[in-house]
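Listed next as structure tokens is one chain, alone, in the form predicted on its own.
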């Protein structure tokens, strides 16, 4: 095998790895928003507090996606 073949394989593996790394944050944000909407429907008076907590949770979940991106670029 020559070095170009190995570089192509490792590049494809990194792309697949980042694709898999985006699944977790996507599912996490979907569940987070769904549960916030459900809680708002049950108790509309706490919608403001739920929205703040949802945005904090979304930031934490998105951090996982960014870590996956950086790990793919570094390795």
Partner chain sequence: MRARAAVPLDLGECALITAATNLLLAAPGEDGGFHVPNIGEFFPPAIAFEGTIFEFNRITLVRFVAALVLCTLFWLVARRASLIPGRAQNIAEMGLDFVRVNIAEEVLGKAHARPFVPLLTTLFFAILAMNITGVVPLLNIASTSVVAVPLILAVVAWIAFVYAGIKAHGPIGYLRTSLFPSGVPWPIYIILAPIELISTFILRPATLTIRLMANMLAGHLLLVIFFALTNYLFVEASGAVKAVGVVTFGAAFAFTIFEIFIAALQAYIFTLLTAVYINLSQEAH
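The shown structure was predicted, so the numbers you read here are calculated from the model rather than taken from an experiment. Numbering follows the first chain given and starts at 1.
The same protein has a further form, the form predicted together with its partner chain, not shown here; the description that follows concerns it.
A.B. asks: Closest heavy atom of residue 44 to its partner chain in the model of the complex, within 4.5 Å or not?
C.D. replies: Although its partner chain is absent here, residue 44 would stay clear of it in the model of the complex, with no heavy atoms inside 4.5 Å.
A.B. asks: Please determine whether residue 16 contacts its partner chain in the model of the complex, using a 4.5 Å cut-off between heavy atoms.
C.D. replies: Contact check for residue 16: no, nothing within 4.5 Å of its partner chain in the model of the complex.
A.B. asks: Can you check whether residue 66 is within 4.5 Å of its partner chain in the model of the complex, heavy atom basis?
C.D. replies: Within the cut-off, so yes.
A.B. asks: Tell me, yes or no, whether residue 20 is in contact with its partner chain in the model of the complex, where a contact means a heavy atom of each within 4.5 Å.
C.D. replies: So residue 20 does not count as contacting its partner chain.
A.B. asks: May I ask you to list the residues of 30 to 48 that have any heavy atom within 4.5 angstroms of its partner chain in the model of the complex, in sequence order?
C.D. replies: Contacts from 30 to 48: just 48.
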